[in-house]
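There is one chain below, alone, in structure tokens, taken in the form predicted on its own.
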């Protein structure tokens, strides 16, 4: 189960959230004009995507992906987000949302609810994708274990 209060889970949920939802919550958090400083401007960059190869379980560099990270300090609480693609506004909004949840801002219950909805959508999408592709799985026999 994904927990929006757990920072690692929250990073994944923010990345999976819609930009408009993040922007709406960021604007609501900023309505009271809390002290905000941008620690890392949102700038698209390439990031090496590393996976584990399934046979020998060694790390494998799959390729580069475009991401946009951002980091803020909101009233003494740090917030970070990294979203896929070239999405400066979504990254900055996500960082503000992360800081707001970390600070237990008054909007936190609504933000957590939206992040839980994003988790449910992501889970459903993964289940749909697996249901569509599981019939194409191939099993291989190897002679490595036979002597």
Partner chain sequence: MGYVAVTAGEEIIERAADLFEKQRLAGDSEGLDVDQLDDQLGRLTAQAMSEGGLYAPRLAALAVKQAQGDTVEAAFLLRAYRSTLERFDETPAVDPSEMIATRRVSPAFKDVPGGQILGATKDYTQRLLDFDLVDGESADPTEDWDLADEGDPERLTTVTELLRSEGLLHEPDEPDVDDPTDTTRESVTHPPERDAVLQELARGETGAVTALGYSALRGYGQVHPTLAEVRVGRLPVRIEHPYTGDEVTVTHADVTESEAVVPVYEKREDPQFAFGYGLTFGRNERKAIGMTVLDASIQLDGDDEPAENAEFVLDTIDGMDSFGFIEHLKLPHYVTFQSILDRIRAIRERGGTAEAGRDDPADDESADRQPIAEASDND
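Numbering follows the first chain given and starts at 1. None of the values given here were measured: they were computed from a predicted structure. By rigid core we mean the largest C-alpha set that fits within 1.5 Å across both forms.
From this point on, the text means the form predicted together with the partner chain, which you will not see here.
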Listed residue that, although the partner chain is not shown, lies within 4.5 Å of it in the predicted complex (heavy atoms), from 36, 112, 67, 119:
67
Using 4.5 Å between non-hydrogen atoms, is residue 46 touching the partner chain in the predicted complex?
yes
Is there a heavy atom of residue 106 no more than 4.5 Å from a heavy atom of the partner chain in the predicted complex?
no
Does the 4.5 Å heavy atom contact test between residue 51 and the partner chain in the predicted complex come out positive?
yes
Can any non-hydrogen atom of residue 19 be found within 4.5 angstroms of the partner chain in the predicted complex?
no
Could you pull out the residues of 56-78 that have any heavy atom within 4.5 Å of the partner chain in the predicted complex?
56, 57, 58, 59, 60, 61, 62, 63, 64, 65, 66, 67, 69, 71, 78
Is_shifted residue 65 between this form and the one not shown (CA, 2 Å cut-off, rigid core)
no
